[in-house]
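Shown below, as structure tokens, is a lone chain in the form predicted on its own; questions about how it binds or moves come after it.
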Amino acid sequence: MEIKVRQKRIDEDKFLEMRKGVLSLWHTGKEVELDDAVGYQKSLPDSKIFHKVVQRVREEGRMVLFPRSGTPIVEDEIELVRSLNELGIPLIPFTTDSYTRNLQLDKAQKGLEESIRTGKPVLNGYPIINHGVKTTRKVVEACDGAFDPRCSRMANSLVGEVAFASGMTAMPNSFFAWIGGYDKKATVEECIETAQYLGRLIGYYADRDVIITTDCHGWLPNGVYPMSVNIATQIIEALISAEQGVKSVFPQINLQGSMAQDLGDIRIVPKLYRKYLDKLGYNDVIIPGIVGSQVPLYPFPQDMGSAFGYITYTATVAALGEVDACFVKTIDEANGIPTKESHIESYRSAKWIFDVVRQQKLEIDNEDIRQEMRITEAEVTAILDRVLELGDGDIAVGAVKAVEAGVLDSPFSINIHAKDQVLGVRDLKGACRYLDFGNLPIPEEIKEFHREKIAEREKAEGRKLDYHASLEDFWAISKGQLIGTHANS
């Protein structure tokens, strides 16, 4: 099948024509007017501009929470965000509801009207398209902080249009996250095309001296395995966005529970971003900081004690790694839609760790961490170089071919176009290793390292690690353990 997508900036006239179709999807699209939106963005104070907030946090040697929040009723949303502001949270990811994410805007409208009528939220997020620009600006103006809306492929383009015109100054452009966790049937090419639209929209603003940041999530891990594919795909997302004119990218480091591996990834990822951005000529793209994150798709503990423990681990490693922001889930994540109270209690717990641990400026360095850095760098470099080779230097073409060939792959991906030939388990210290490499272009000496680590655990446990062991490891954290056992399977 012919690959039509290319790593090439969309011509402005073509882009403006494409916008007509996007804005026609719902009547609030008529509220988006680019000249007005650019002017509104330029009127915002630095405290509402995402990359400037992150840079200020870094300069001050602090770290802040980067939570999730979203509720359908405007007044409730303002109250929720203000409660986060009271905790000193200046970065506000703005979660859209499931109907909005799937572009089911009639259903979102009914849910919004029912929420307003009853005074109780019946949507699991903020329906930003249905609310439109005028209403959403009320939220931005009533609260402190820089807003960063969350969406998925189907509605991504229109959500971006409304969000930026409303004064939001960041948004993920992570098409591999859709493949990993949100979109079952979309092709890689379709996902890249959607990402190129949002990147070109951000580039339009950048051409007019308005810098909007895109945070990169990469192929979300659905199972226990090393983060090399996730990191490589984050960088691909950054490169795709940069070609369309994005000038600020924000890496996400997924913290899996092995402190040496997590700290190693925190330290090497920004260097790998910079290496490939510069290599492909995007020297003017900034990396204002990084965010540490609980792995989005890992099972979350159901009991409060374990939930607090998981939150505290993530916050501690993020503080020791001196990231600029950290995402932790709420203590009631496993039980349903979080309450305002659970947001507050969860974030107070994490903030305590940030303030106490980060202030001590502990420097942790050992051979285990350095080894993990070397392993991650070798794997990510091998994967990205192979993707570029497949595309004859075109990273977009290469990405499409790489998924087809299993050069980019993940266990248990929901997307039907993924090979799903990769599998991972933890080693004796809890670090994630490859049990099956599939077609990943991992260097032979690195493969041997993984085999040796797995063999050590197999010898200690007296069993062969397999698919079942991988699932045991996947569920372990939710049960208060790092390494799975037969007893908790």
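In case it trips you up, residue 1 is the first one in the sequence shown, and so on. The model shown is predicted, which means the values in this text are computed figures rather than measured ones.
Only in words, not in the display: the form predicted together with a further copy of the same chain, which the text now covers.
In the predicted complex, the one of Y205, F327, Y313, Y276 near a further copy of the same chain [non-hydrogen atom within 4.5 angstroms]: Result of the distance check: Y313.
Distance check, R348 to a further copy of the same chain in the predicted complex, heavy atom within 4.5 Å: The answer is yes: R348 has a heavy atom within 4.5 Å of a further copy of the same chain.
4.5 Å heavy atom contact, S306 to a further copy of the same chain in the predicted complex: S306: contacts a further copy of the same chain in the predicted complex.
4.5 Å heavy atom contact, K134 to a further copy of the same chain in the predicted complex: So K134 does not count as contacting a further copy of the same chain.
Touches a further copy of the same chain in the predicted complex: L482 (any heavy atom, 4.5 Å): Because a heavy atom of L482 falls inside 4.5 Å of a further copy of the same chain in the predicted complex, the answer is yes.
S258, L362 and N366 all contacting a further copy of the same chain in the predicted complex, non-hydrogen atom within 4.5 Å: Yes, the whole candidate spot contacts a further copy of the same chain.
Segment assignment from 381 to 389, 352 to 360, 195 to 203, 245 to 253: heavy atom within 4.5 Å of a further copy of the same chain in the predicted complex: Contact criterion met by 352 to 360 only.
Residues of stretch 425 to 460 in contact with a further copy of the same chain in the predicted complex (4.5 Å, non-hydrogen atom): The stretch 425 to 460, when checked against a further copy of the same chain in the predicted complex, contributes L428, K429 at the 4.5 Å heavy-atom cut-off.
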